[in-house]
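Starting off, we have a lone chain in the form predicted alone, written out as structure tokens.
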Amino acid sequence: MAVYVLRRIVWAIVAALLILSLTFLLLYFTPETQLTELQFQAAQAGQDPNSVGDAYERYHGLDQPISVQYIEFMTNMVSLNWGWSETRSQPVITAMAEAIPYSMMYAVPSIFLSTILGIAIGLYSATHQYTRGDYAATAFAFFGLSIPDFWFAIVLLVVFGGTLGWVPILFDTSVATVSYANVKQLLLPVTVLTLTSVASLMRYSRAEALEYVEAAFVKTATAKGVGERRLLFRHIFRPAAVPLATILVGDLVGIVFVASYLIEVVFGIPGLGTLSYRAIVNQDTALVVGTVLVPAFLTIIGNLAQDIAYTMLDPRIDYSDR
């Protein structure tokens, strides 16, 4: 098992190097918008645009061979020197360090709630198939999967923030992290994210658990008098947890990748999604690269954790030849 885990870690490092190399090539062949702007301003002022361009390339090391630029790029990535944000006038890593805690405030509770509720409702629905509870859970799942996140977020904000006044409409960064006021303003973002994740995870949990509810070894355990709780968690949930590990990683990446953009823009949360959105709008290339690389690295780490979880959840998996 140690060799298997070591190989997976090596593959994760190779994947990270490939992502960084591809990012470098994209940046290398992408025209410098700031250089074009400086040359345009120099031409308007009666200066030589070419001399301004040469000075800009020497200052940023763009006149060096591609191999030198690649080594410098990889060294900066490893040392967390991810460049300078022109629009925020601060290092990219500092801007991201300031934004990530705001994303974690609603993403972490949503992940925990959706994981627990999604699996619990899915198992209940599978073991109580074709009952009123199963039909209610299925209807809830279809509602959560069908409704658009941004539309549901706006409706909740209008009803509970604008009409009833129960929650603030604008996110206030001045309130303490551990306070009742912060819980109130995070209530709606967590609700919106959790609804979609619970619905998705519940459907997968139900489908996977149904494969084992009528299995021969479950019927044998029932005939031997195994308790309902032990039967549910040891004989149904444990084998169903192996494919569910893939769904958990997908939900985590989905929240960071997609939902954060919509949720943070709607609720005005200054998190990683809002930072990336404003960087794209303002064409801040260094900041865009930094905010995109974080979810990419999270995906690699999630896949590595998923591969290791496979071997722990199902001892029948043979990894000796992998």
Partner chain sequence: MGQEYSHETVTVTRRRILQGVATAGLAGAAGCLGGDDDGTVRYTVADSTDPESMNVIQVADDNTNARLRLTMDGAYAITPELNLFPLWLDLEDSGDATVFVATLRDNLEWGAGYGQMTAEDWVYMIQEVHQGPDNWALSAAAGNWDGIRVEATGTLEFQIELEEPNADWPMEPTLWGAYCLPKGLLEPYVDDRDGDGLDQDEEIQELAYTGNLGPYTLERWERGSEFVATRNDSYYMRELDAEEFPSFVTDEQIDAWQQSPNFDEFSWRSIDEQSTRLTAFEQGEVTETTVPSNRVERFEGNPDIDVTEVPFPYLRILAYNQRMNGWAELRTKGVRQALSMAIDKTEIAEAIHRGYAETAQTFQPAWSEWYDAAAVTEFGEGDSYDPATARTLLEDNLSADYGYDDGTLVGPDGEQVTLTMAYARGSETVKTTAEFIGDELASIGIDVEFDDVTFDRLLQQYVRNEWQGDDDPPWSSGPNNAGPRENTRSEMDWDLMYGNSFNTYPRTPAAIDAFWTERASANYFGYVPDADLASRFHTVRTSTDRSKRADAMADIFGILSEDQPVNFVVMTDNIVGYQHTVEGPEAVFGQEWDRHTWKFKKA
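Positions refer to the first chain, counted from 1. Please read all numbers here as calculations on a predicted model, not as lab measurements. For the two forms, the rigid core is made up of the largest set of C-alpha atoms that agree within 1.5 Å on superposition.
Beyond what is shown, the protein has a form predicted together with the partner chain; the following relates to that form.
Between the options Leu187, Ile169, Val108, Val218, the residue in contact with the partner chain in the predicted bound form by a heavy atom within 4.5 angstroms is Ile169. The partner is absent here, but in the predicted bound form a heavy atom of Ile154, alone among Leu113, Ala207, Ile71, Ile154, sits within 4.5 Å of the partner chain. Site residues Pro49, Gly161 and Thr274 are all in contact with the partner chain in the predicted bound form, judged by any heavy atom within 4.5 Å. Though the partner is left out of this view, Thr285 does not reach within 4.5 Å of the partner chain in the predicted bound form, counting heavy atoms only. In the predicted bound form, no heavy atom of Trp82 sits within 4.5 Å of the partner chain. In the predicted bound form, the partner chain sits within 4.5 Å of a heavy atom belonging to Val266. In the predicted bound form, the partner chain sits within 4.5 Å of a heavy atom of Tyr56. Comment: 171-179 is the region of 116-124, 199-207, 171-179, 237-245 lying near the partner chain in the predicted bound form, near meaning a non-hydrogen atom within 4.5 Å. Residues Trp84, Glu86, Thr87, Arg88, Ser89, Gln90 are the members of 64-93 with a non-hydrogen atom no more than 4.5 angstroms from the partner chain in the predicted bound form.
Positional change of Ala55 between the shown form and the other one reaches 2 Å or more at the C-alpha, relative to the superposed core. Core-superposed comparison between the shown form and the other one: the Cα of Thr285 travels less than 2 Å. Core-superposed comparison between the shown form and the other one: the CA of Gln39 exceeds or equals a 2 Å shift.
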